[in-house]
Structure formats: C-alpha cells, structure tokens
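One chain comes next, on its own, written out as structure tokens in the form predicted on its own.
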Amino acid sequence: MKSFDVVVIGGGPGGYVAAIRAAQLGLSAACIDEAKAVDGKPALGGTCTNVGCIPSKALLQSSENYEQAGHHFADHGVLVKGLALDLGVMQKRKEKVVKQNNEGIAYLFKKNKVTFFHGRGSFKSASEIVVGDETLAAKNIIIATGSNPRALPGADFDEKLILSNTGALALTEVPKRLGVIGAGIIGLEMGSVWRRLGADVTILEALPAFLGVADEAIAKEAAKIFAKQGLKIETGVAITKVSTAKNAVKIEYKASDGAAKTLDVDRLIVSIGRVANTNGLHAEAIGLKMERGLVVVDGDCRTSVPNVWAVGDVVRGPMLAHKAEEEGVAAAERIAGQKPHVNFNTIPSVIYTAPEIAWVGQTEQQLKAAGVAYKTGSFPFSANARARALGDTSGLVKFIADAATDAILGVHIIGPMAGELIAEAVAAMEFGGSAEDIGMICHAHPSLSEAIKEAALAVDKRALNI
C-alpha cells in the first residue's frame, strides 16, 4: 500500500494547488482526479479548467473580437469586408487553451513531485482512499471534489437541447434563438458569447432584482448596458414547464406580473447554481458530517473527522475558483503546522461580460440593512482619458467607506478591465486601507486605474476630473 502525508481528492483549483503547496512544504503528496480529455488522457484542473472559467474566457475573448470587428473597428478607421465566423476554429482554439492548462498542471505536479492517480477517489476509512484497484494510506486527506451544475426539476440536462455549462461551451453552431434560465455569472457570460455570435438571447431570472448580489448602482448600470447590447432579460419569473421537441425547447413561465408566457428557443442553457460533488465519495464510511449537501467544516477547513479537510465548492462560502485555491493552500499549510489566514471579506467576484463587472467587500444595500454609517464616491469611465482612447467608456467605479474612519468597506466596478482593476481594491482592503489612501497614491496617466483613484477621491468630494 502506497502511503502519503497528504492525499487530495480532486484536481481542480482547490485540489491541485493544495497538493503542490503540501509538496513544497516537504510533505509527500498525492492527488486523485477522474476527469478525462477527449483523447482519454487526464484532464487536470477540474470544472474551472475544462468546462468553466478557462474555456468560457476563451470563447468570451473570441466572441468579443468578432463583435469588435463587426461593429466597432470602423470607429478606429479599420474597415472589415466580408466578415465571417468559423465557429469550428473558435472552438478548436478554446480546446487548445484548455489543453495548455491541463498540461501545465501536469507539469507542475512533476516539478513538485506530486504523485497523480487517475480515477475516482473514495473513502475506505479515515486514513485510506480507494482509487481504481489501489488503496492509498494517508495521514491527512483533503476533499476538493468541486461541484456540479444544478438541474431544473423536470428539465434534465441532455447537453443537446437543454445545456449545462458543459454543453453551452461546446455548441457546434450558433442557435438562432437561445434561452437562458438564470442571470448569474454563467448565464450572463454564456448569453453574451452567443449573442455576440448572432443568437437572439433571452435570459429568465427567478429573483425579482437583476444581479441582486451586486451593488444596486452597478446592477442598474449593467441592466441598461446589456439591454442596449440586445440581451433580453426578464426578472421575477417562475418556470412552470420545460418541454422539448426534435430541435426546439418550449419554456412556459409566469412573468413578474403573474401573466402566463411562453418562450420558444432552439437551445436552452440552465444556470441556476451548482451543487457540491460528493457522489461516490462514501463520506458515510467515515461518519463525515454533511449539511444541505455540503461537507461541514470549521473556519480552518477542518471536517468533523480528524485529519480530514475539505475546501472549495464542496464547503460553505462562494463557489469561486480563487476562493478554493486560497483554502487549498491554507489547508496544506495548516497540515504542515503553519498558521495561514483566509479573509472571506476580501474575496473578489468578477463577471467577464463586456463591460466586465467586479466587486469586493460589502454593497450599499448590505450596509444599509446592517445600520452601518458609510459614505460613497463614484467616477464614470466616460470621464477617463484612457477609456476614451480605448473607445470603451461605459460603466463606473464606486467606493464605499466607513463614515467615521474612512476604511474601505466595498469597491464596485462595471467597465473595461474591471476584473484586473479590482485587485487594487482587494490589496487596499487587506492592508486596512482607507479611501484617502487610494486617493493619495499616484496612478499612471492615462490609465483605467485613474478611475479607481478618482472614485476614492470622490468619497471626500475631491474628484478632480468630474
């Protein structure tokens, strides 16, 4: 029986970085993952690399290039004649990007001497993991099995007509009419991809408010921009029935005003959340405590079973790849006797639409509900020189600071490169920074980051360019 200091079940963002960090700290580490590529080889990286973050960003970039060539290049004096779409080439590029990431993780395992086992891992005992015909002995086990898409009752995924994120990324032709149930990150990103490529896209959302998790000012701006782009979004709907025919899907639903409506589409993407992937783990074999489908952990990712840890989508908290990575690293370091810290209050969220949407910290509506005294400052990209030069002036930056101390409580951005700009806000909040601190820092000119500085100055009504 092979024995390891740490065995990680799952090779996604939380799992593979946990195994690498454990190996860096001098622990013998193994990682188990069952994902297969088209050629049957291991496809390390989990949902994020294979059917999530990475391929979606590849298609978002490709589709945005197509959109720019068709609608915006002429503004720059770049005239394109005979523009055509080769979706096959676009999909091959996406697959190449995915494969590069798969191979990159495999290389990192080899470099750091992490032993990889291809297959599904399950508990035999609290110190033994079965994978294929082998049983591995482990002093510590980290569960990092990720999550699966949540199906709509009565509308199971067939990945032909009713699509999860997997099917939504693998379409071989652009549907004329595309329906999306769920206006969250996946729904908006996939809806944006196929709208840019020519689909007539309608997004149905059950919640009464669009993007309720985002700051209200940002959500309102996003709704206005997406509507202008041609994304049709209905909120407050209740799906009553989904039925399929040979090459069509019919969605019956009640609108927010109670009226019965029908939407006929060629393909339907269902993106109503995700559920923890614990199938086949045999958690009951070791008495692992579960709650609402999630593995129960404490603040340090320890489970109810000594020396068994769990990270990422399979535990509480936001289902984000970077949150899983932070927890995976922290779990490995705790096993090695270190005392790391993961600050859940400074985990950023990003929606990679155009414009991008990003935020960190609390929203204005959350602070109102909590009775916290605060002040705000905003700055539009329409007043930013770099955004004007780019020809992308939609959106704004919004700062929220404590009314008494000026400590940054939240930063919310919709605009060009918001996913990159939010990193400055995360760093400032991690160091206990104030809005004034950001406002006093010299930012390069002309740059998009100046909008961050101006919004911070606006908290104290000191913005210079508006």
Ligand code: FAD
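Here the structure is a predicted model, which is why all the values come from computation and not from measurement. Quick note: we count residues from 1 along the sequence shown, nothing fancier.
Note that the form predicted in complex with this ligand isn't included here; everything after this is about it.
K.L.:
Out of 219-227, 278-286, 193-201, 91-99, where are the residues with a heavy atom within 4.5 Å of this ligand in the predicted bound form?
P.N.:
Stretch with heavy atoms near the partner: 278-286.
K.L.:
Is residue 9 close to this ligand in the predicted bound form, meaning a heavy atom pair under 4.5 Å apart or at it?
P.N.:
Yes, residue 9 sits close enough to this ligand in the predicted bound form that at least one of its heavy atoms falls within 4.5 Å.
K.L.:
Does this ligand come within 4.5 Å of any heavy atom of residue 179 in the predicted bound form?
P.N.:
Contact with this ligand, no.
K.L.:
Against this ligand in the predicted bound form, would residue 322 count as a contact residue? Criterion: heavy atoms within 4.5 Å.
P.N.:
Although this ligand is absent here, residue 322 would touch it in the predicted bound form, with heavy atoms inside 4.5 Å.
K.L.:
When the contact criterion is heavy atoms within 4.5 Å, does residue 215 count as touching this ligand in the predicted bound form?
P.N.:
The answer is no: residue 215 has no heavy atom within 4.5 Å of this ligand.
K.L.:
Among 48, 57 and 119, does every residue place a heavy atom within 4.5 Å of this ligand in the predicted bound form?
P.N.:
All three within 4.5 Å in the predicted bound form.
K.L.:
Taking 4.5 Å between heavy atoms as the contact cutoff, choose which of 438, 30, 414, 53 touches this ligand in the predicted bound form.
P.N.:
Looking at 438, 30, 414, 53 one by one, just 53 meets the 4.5 Å heavy-atom criterion.
K.L.:
For 14-34: residues with a non-hydrogen atom within 4.5 angstroms of this ligand in the predicted bound form?
P.N.:
Contacting residues: 14, 15, 32, 33, 34.
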